[in-house]
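There is one chain below, alone, in structure tokens, taken in the form predicted alone.
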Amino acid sequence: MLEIKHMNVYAADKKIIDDLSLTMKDGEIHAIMGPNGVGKSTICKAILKCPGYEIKQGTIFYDKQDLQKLSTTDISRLGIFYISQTPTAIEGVTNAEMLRLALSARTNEKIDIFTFTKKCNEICTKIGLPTSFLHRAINDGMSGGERKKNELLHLWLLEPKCIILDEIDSGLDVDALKTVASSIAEYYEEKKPSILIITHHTQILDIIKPDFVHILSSGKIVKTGTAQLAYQVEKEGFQNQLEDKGIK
């Protein structure tokens, strides 16, 4: 379970998230929607303890662990996996090198190269990624669609229990979005992780179907509903939902 209680987050001494609470149980899919600049991505960065984001009030617990007391590395070891809008490129470090080290750090075991390579090749076939990408630097020189597919390789190999998707539909064409979202939906059916989706649009929610949809405004969750709420937003816009709650 991921549980956020009364969280205030600041960046550059400006309050971005204001008294936010959210509980996401194992196996649940939650989507957060809202206009630009209301703090959606800040929630993700606060969970992962990204530099420049300070939690001045509230708590974040995952699997009974206080994330504020852990490093980003330790948070990852708990099984939390993050895909950002624009995955970072890392020159000089290949996917295979990073993934072997990550698996070893998580399991505290020596990784058998033959078994590791066999599994990587199987995943590449599953997600339609050339096996040559295993030996390419992480996301370096890749298009937006290739970077998202590359992140799928990491997802399937590391097998996280909690997935945070920060506008992964950003920059993807229709076909690429369908490929990426369908792979995550397939992973969900196999592993049943909890998933937090940050998005502006319903296309990804047509494939990764949320149990709950939350509307964020001025750093607060102002409305929660089922998937139908997302389609109302798509049809009517955010402002109608905010005015319904007396927010201008």
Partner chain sequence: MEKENTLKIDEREITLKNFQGNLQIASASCLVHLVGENKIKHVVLLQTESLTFDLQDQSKLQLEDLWENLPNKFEVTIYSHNHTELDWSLAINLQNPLEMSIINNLCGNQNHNKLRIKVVNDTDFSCQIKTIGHIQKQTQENVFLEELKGLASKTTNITFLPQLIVDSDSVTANHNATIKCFDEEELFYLQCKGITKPEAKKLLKEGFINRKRKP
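Positions refer to the first chain, counted from 1. Note that this is a predicted model, so its numbers are computed, not measured.
Not pictured, yet referred to below: the form predicted together with its partner chain.
None of 195 to 203, 24 to 32, 213 to 221, 50 to 58 except one has non-hydrogen atoms within 4.5 angstroms of its partner chain in the model of the complex; the exception is 50 to 58. Mapping the unseen interface onto this chain, I138 counts among the residues with a heavy atom inside 4.5 Å of its partner chain in the model of the complex.
Taking non-hydrogen atoms only, T88 approaches its partner chain to within 4.5 angstroms in the model of the complex. At least one heavy atom of Y82 is located within 4.5 Å of its partner chain in the model of the complex. With a 4.5 Å cutoff on heavy atoms, K119 does not count as touching its partner chain in the model of the complex; it lies far away. Taken together, the three residues E97, A102 and L158 all come within 4.5 Å of its partner chain in the model of the complex, as judged by their closest heavy atom. Scanning S143, T73, S132, T115 against its partner chain in the model of the complex with a 4.5 Å heavy atom cut-off leaves one residue, T73. Contact residues in stretch 143 to 174 (any heavy atom within 4.5 Å of its partner chain, taken in the model of the complex) are E151, H154, L158.
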